[in-house]
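Encoded as structure tokens, the following chain is the form predicted alone, with no partner shown.
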């Protein structure tokens, strides 16, 4: 499959720092590709370079195998959806959506046909005569998406588009945006610092830190098989312990030994995700399972989930379990056993970033 977007050894330097450093990646046509990382890691710089709002200090950027380094922003086959919506307050919903087509002097028949297509996607047919201030935040964002889609860009750029919305609305729009993207098959580059959002929506995710891409993978691989400490820590809320791997055993101040499915030896950290740990009141003995004894310190009731904080050798381990209302909940101060499959203990060695 040919790529829709390609970065080849791209760097961008400002007067006091490097925003991105020698970045290379490809995005396939029709892919939903997220740039994920904390503030200041270079995500938006990449988006601005694609849009032509910044020029790379070095390296090349291609869309559909065409070098776009020297193409003016308004001539690039891209459109951007911003967090701030950027709608024209004096124009109606309809006028906002078709603005780009009118500027490009499309005839009325083409405009009406294109408008009908995007309105069907965003479900705002009854709002076309309203002004932006008469819409909710979610409705305004759908208008901004429609305005970008109606121009039929090769690549749709989305810069933290849901960041200003409340949690429930954000979750609903995640589903809607992904549904629109899948139905239009438009290549989408999505910038976010929200790991849950990226995991839920993306076909591929590039995890970034300090101007570098540390890992590019599908969400399941990133979460379950991270290749570096930053990705392991940034995605989810793992229990992390530092020690040494020797003969497929992890040894640390907290644990005499934890079995791992890794034949390499050396200084390393293990990552145990809270949701893969089970608990019970009897010791589990199995060649495929690690089992440790602990004492319940706190139970955090979150409705559909329970977080249990357990002290093991004076070290806190967090467990997250779905509350199916059949779960036997221990009491604070009660002794329990924690157990999890050996192959779910993820190891990252100190010589990895």
Partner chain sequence: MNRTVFLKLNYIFVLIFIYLPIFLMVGLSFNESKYFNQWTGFTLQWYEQLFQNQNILNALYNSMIVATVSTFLSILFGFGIALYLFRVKNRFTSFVEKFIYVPIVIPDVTMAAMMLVFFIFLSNYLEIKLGIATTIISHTAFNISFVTVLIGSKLTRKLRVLEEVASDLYANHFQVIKQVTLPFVMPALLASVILSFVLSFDEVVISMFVTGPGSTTLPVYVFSMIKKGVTPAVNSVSSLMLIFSLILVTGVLLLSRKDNLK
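Numbering follows the first chain given and starts at 1. What you see is a predicted model, and the numbers here were worked out from it, not measured in a lab.
Beyond what is shown, the protein has a form predicted in complex with its partner chain; the following relates to that form.
Interface residue among 78, 270, 259, 245, judged by heavy atoms within 4.5 Å of its partner chain in the predicted bound form: 78. Checking 108, 168, 129, 105 for any heavy atom within 4.5 Å of its partner chain in the predicted bound form turns up a single hit: 105. Under a 4.5 angstroms non-hydrogen atom cutoff, its partner chain in the predicted bound form has residue 73 among its neighbouring residues. By the criterion of a heavy atom within 4.5 Å, residue 317 is excluded from the residues contacting its partner chain in the predicted bound form. Residue contact check for residue 142: none of its heavy atoms lie within 4.5 Å of its partner chain in the predicted bound form. By the criterion of a heavy atom within 4.5 Å, residue 230 is excluded from the residues contacting its partner chain in the predicted bound form. Partner contact region in the predicted bound form: 95 to 103, out of 278 to 286, 214 to 222, 176 to 184, 95 to 103, criterion any non-hydrogen atom within 4.5 Å of its partner chain.
Heavy atoms of every residue among 82, 90 and 151 are located within 4.5 Å of its partner chain in the predicted bound form.
Residues from 268 to 287 do not approach its partner chain in the predicted bound form: none has a non-hydrogen atom within 4.5 Å of it.
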